[in-house]
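We begin with a single chain expressed as structure tokens, specifically the form predicted on its own.
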């Protein structure tokens, strides 16, 4: 450090005790093993979320919510605002990469059994953040008020309306009425920029607190080793610098995607026009959409679409509650049922997503 930097650091240290925080981080260690690479995807998800927040705030300066203004304001951002097209493209690509990184992080935690005691609450908060992240994607999809977003939202809310008892009130709540209108756009806008960020931020703070207190999980196959036998690296600066390096790589990938594959706006939504042929949801909902297409009209005495939604709900609940029903992993034993269940889910999602993309 030069003299000026030292004086700034000393001034900050006297007020915020930075030395104590740095000493605390230096005492933290991260296990080093053949699966250590998966530790970094949590940080990548955080980085992409930060990018979404920053770009979202910039877009919010010009975006106008409303059936008559939303599409035009996005068009203005992309055509008139300096680098507006780039900011919107980065925001859209970062949203998709965030879901991808969060999914990789979730599956790595699952297969490494990092949800086992004493990290059950860390897993639960992470799953809640993942579901909120999916809701982010669904709510933000409508905001440009283009043709594709309008009809995809109509289909998505129709599916929610099939749920027994709560389906109809939920449909009315989401749409702000019986149909997808400007009221729906206003509700989704409020959810996207106010409610969901607040909920996600609280969950993120709690999740990071749990991770800091409990540290990184040691894989199940290393649990029998003594503490001194486990290879470790210091969290600060070793792990932090590696994390930052990966952030820079992700930033470069994001920039390449945003520049060479800019996000298109499409045509303005017209509720009186028929839905365009081949309409599909975003890739992270595609496997569910494709599955519902394959389910027959009736399964026994249950409506086919309702049956599919109930199965997805049950599957999601089982997945979320894995720390409760996987008692063997908590005892340090390998549970093949958990592995096979996870592999089945991964193969199912990848296969149906590819089929849905190609068909």
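Everything numeric here is computed off the predicted structure, so don't read it as measured data. Numbering follows the first chain given and starts at 1.
Not on display, but discussed next: the form predicted together with protoporphyrin IX containing FE (HEM).
A heavy atom within 4.5 Å of protoporphyrin IX containing FE (HEM) in the model of the complex is found for exactly one of 152, 174, 143, 102: 143. Put simply, of 72, 243, 168, 282 only one has a heavy atom within 4.5 Å of protoporphyrin IX containing FE (HEM) in the model of the complex, and it is 282. For the three marked residues, 98, 137 and 192, a heavy atom of each sits within 4.5 Å of protoporphyrin IX containing FE (HEM) in the model of the complex. Proximity of residue 207 to protoporphyrin IX containing FE (HEM) in the model of the complex falls outside the 4.5 Å heavy atom cutoff. In the model of the complex, protoporphyrin IX containing FE (HEM) lies farther than 4.5 Å from every heavy atom of residue 43. Residue contact with protoporphyrin IX containing FE (HEM) in the model of the complex: residue 133 places a heavy atom within 4.5 Å of it. Contact check for residue 59: a heavy atom falls within 4.5 Å of protoporphyrin IX containing FE (HEM) in the model of the complex.
Contact with protoporphyrin IX containing FE (HEM) in the model of the complex, defined as any heavy atom within 4.5 Å, is confined among 48 to 56, 307 to 315, 321 to 329, 35 to 43 to 48 to 56. The partner is not shown here, but in the model of the complex the stretch 66 to 92 reaches within 4.5 angstroms of protoporphyrin IX containing FE (HEM) through a heavy atom at 74, 88, 91, 92.
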